[in-house]
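The form predicted alone is given below as one chain in structure tokens.
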Amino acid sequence: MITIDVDMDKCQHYGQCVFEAPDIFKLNDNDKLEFVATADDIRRGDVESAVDVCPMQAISIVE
């Protein structure tokens, strides 16, 4: 399992991560980011892509 962290102080809710891993990241009805804090190792590539596309660099994988 991998652990995902989003610094909500940095996050501006652009939603770019949603395109990379829509089952892990989503924008709620108020356009605020929600995410699942853990994912299977097989999803690492998608989560790493979400980390890379975040314009605010708010997403990280906790090792």
Partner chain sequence: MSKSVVIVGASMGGLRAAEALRNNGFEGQITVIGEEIHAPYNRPPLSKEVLAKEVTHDAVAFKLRTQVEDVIWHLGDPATSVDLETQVVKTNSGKTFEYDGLVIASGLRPRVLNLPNGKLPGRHTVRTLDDAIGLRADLVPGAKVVVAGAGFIGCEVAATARGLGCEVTNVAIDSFPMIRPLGETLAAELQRRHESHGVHFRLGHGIRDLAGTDSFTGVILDDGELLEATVLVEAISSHCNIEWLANTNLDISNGVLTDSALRAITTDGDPVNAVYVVGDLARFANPLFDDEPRRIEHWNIPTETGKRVGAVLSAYLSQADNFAELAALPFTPLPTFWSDQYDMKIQGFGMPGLANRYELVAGELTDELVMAYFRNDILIGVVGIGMTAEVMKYRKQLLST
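Source: prediction; values computed, not measured. Numbering follows the first chain given and starts at 1.
What comes next is about the form predicted together with the partner chain, which does not appear here.
In the model of the complex, the partner chain lies farther than 4.5 Å from every heavy atom of Ile24. Put simply, Ile61 is close to the partner chain in the model of the complex: some heavy atom of it is within 4.5 Å. At the 4.5 Å threshold, heavy atoms of Ile2 stay clear of the partner chain in the model of the complex, well away from it. The closest non-hydrogen atom of Ala39 lies beyond 4.5 Å of the partner chain in the model of the complex. With contact defined as any non-hydrogen atom lying within 4.5 angstroms of the partner chain in the model of the complex, the contacting residues in 31-63 are Asp31, Glu48, Ser49, Val51, Asp52, Val53, Cys54, Pro55, Met56, Gln57, Ile61, Glu63, given in sequence order.
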